[in-house]
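So this first bit is one chain, no partners, the form predicted alone, shown in structure tokens.
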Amino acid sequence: MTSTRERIVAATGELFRSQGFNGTSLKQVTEHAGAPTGSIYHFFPGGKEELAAAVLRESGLAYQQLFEMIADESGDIATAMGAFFTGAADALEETDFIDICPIGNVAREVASTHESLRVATVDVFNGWANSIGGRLQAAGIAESDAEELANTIISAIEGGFMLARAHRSTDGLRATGAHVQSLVEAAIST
């Protein structure tokens, strides 16, 4: 059984994926979570912005752990990257192109207007970059190259989500994943 806090965070993440930060009201969150309005302020005294930062950080960590699980199960980091993009494309199709990741969605929307949320997204992206970069280094890629490649991969997945949603097709995302896999293979072989 999930706690009230967990239901609130999960409901907010779902709403952010489909409606964004500005399109989501606290009333919608409480209705979607089946929680009393006061419970949001009990768990998140800073209101919507504090709740949003928690959703971003917790969702970001979940996606990082998903990537790490895929990487652990794959034979190598290049194959893991291809599998991650393929899984993302499959998830987009299964959800009828609702953005499966609220981090990029919210970052695009509020990075210039809500400093605490901008910082939360930077923290998430840095965590992803460190995770990917560490695995790239373990595969033999120099630290500075691994860092640059990790940021390229993150940009590719977030941009791929945006293009897939706009085109209502995952063809480009899948092609990007194959290209990223090739980039990683080439970087390892140099």
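Computed from a prediction, not measured in an experiment: that's the story for all the values here. Numbers follow the displayed sequence, beginning with 1.
Absent from the display: the form predicted together with the DNA. The rest refers to it.
S.K.: Is there a heavy atom of N130 lying 4.5 Å or less from a heavy atom of the DNA in the predicted complex?
M.R.: Looking in the predicted complex, residue contacts with the DNA do not include N130, since no heavy atom lies within 4.5 Å.
S.K.: Is it the case that G140, even though its partner is missing from this view, gets within 4.5 Å of the DNA in the predicted complex, heavy atoms only?
M.R.: Contact check for G140: no, nothing within 4.5 Å of the DNA in the predicted complex.
S.K.: Hey, in the predicted complex, is T24 touching the DNA, heavy atoms inside 4.5 Å?
M.R.: So T24 counts as contacting the DNA.
S.K.: Is Q64 close to the DNA in the predicted complex, meaning a heavy atom pair under 4.5 Å apart or at it?
M.R.: Heavy-atom contact with the DNA at 4.5 Å: absent for Q64.
S.K.: Pick the stretch from 155-163, 142-150, 54-62, 40-48 whose residues have a heavy atom within 4.5 Å of the DNA in the predicted complex.
M.R.: Within 4.5 Å of the partner lies stretch 40-48.
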